[in-house]
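Below you will find one chain, with nothing else, as structure tokens; this is the form predicted on its own, and questions on how it binds or moves follow later.
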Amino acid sequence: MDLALQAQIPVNRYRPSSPLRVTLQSIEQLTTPGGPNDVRHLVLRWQPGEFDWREGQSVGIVAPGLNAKGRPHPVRLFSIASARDGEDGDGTSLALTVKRFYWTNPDTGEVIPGLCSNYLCDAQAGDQMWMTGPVGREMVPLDWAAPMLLIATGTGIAPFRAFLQQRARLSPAERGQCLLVFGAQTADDLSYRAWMDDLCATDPQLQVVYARSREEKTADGRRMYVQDRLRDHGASAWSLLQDPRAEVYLCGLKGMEDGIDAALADIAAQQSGDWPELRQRLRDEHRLRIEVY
């Protein structure tokens, strides 16, 4: 990676002390209403020239109101799910992929809705919001011709939707090989699946495969997780990683790294390779990027 080029990526144009006022253009529920999970696709809009970003960055949303101490609520970060030209290609809108979150008070057992996720999931088109950012440089691709292995779970698909949208706007000669392994609980939770399948139909360099942990089993009867699906496509993944420019991106729930690491070690052994050595080289060259939450 060219670290000097990475350092030029703009960050923190808008801070919590001076956020950008944006308008919710649209909101769409991606999961089936009444199902166990509620995931929504929100499109935010602003005036031309007010905001710019790169794929792999995040924005902050400030929920309205004050906390118990009378202070503004803290910023909640969300990965941007749109390419740099925005949802409509004019650079004045971006999408977020938001899952309605609840947490349980360990002392009382009370189930409490997450403040910002519920605020966003309950929002209506036309609502005004405060946004900060962009933030983050680590997950931003700099070479779209480089082979990419993308691994996502749940709403960790958001930055990779931006990646794939940007790929689709490039010429075939500008795109490298890309394998995306996407895991979720059920088919209903595989956000953007139909759209990604359509992209695969027109982009021979792109392959997207899925794992549904509550609906699929491995050959030995275990639940099918993203690392198991990665093993199923181990030869393709390992071949991709032999390119000296290849990059690996992980995004999703904290703890997924261990399963992915074990899967890649198994794949390397099957391919007579050395995963620890390759992993270290990827880290040293900043070609292994991880974002978990």
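One-based numbering along the sequence shown. Quick caveat, the model's predicted, so the values are computed rather than measured.
Just so you know, the form predicted in complex with a small molecule exists too; it's not on screen, but the next bit is about it.
Exercise. Though the small molecule is not shown, can you say which of R193, R223, H73, R169 has a heavy atom within 4.5 Å of it in the model of the complex?
Worked result: The residue from R193, R223, H73, R169 that makes the contact is R223.
Exercise. Might K99 be said to contact the small molecule in the model of the complex, defining contact as any heavy atom within 4.5 Å?
Worked result: The answer is yes: K99 has a heavy atom within 4.5 Å of the small molecule.
For this session: Decide whether K217 counts as a contact residue for the small molecule in the model of the complex under a heavy atom distance cut-off of 4.5 Å.
Result: It does not: once the small molecule is placed as it appears in the model of the complex, K217 has no heavy atom within 4.5 Å of it.
Exercise. Would G133 count as a contact of the small molecule in the model of the complex, using a 4.5 angstroms cut-off between non-hydrogen atoms?
Worked result: Outside the cut-off, so no.
Exercise. Going by a heavy atom distance of 4.5 Å, is G255 a contact of the small molecule in the model of the complex?
Worked result: G255 belongs to the contact set for the small molecule.
Exercise. Taking I27, T92 and D127 together, does each of them reach the small molecule in the model of the complex with some heavy atom inside 4.5 Å?
Worked result: Not one of the three qualifies.
For this session: Tell me, please, which stretch of 105-113, 119-127, 176-184, 194-202 lies within 4.5 angstroms of the small molecule in the model of the complex when heavy atoms are compared?
Result: Looking at the partner contacts, the answer comes out as 176-184.
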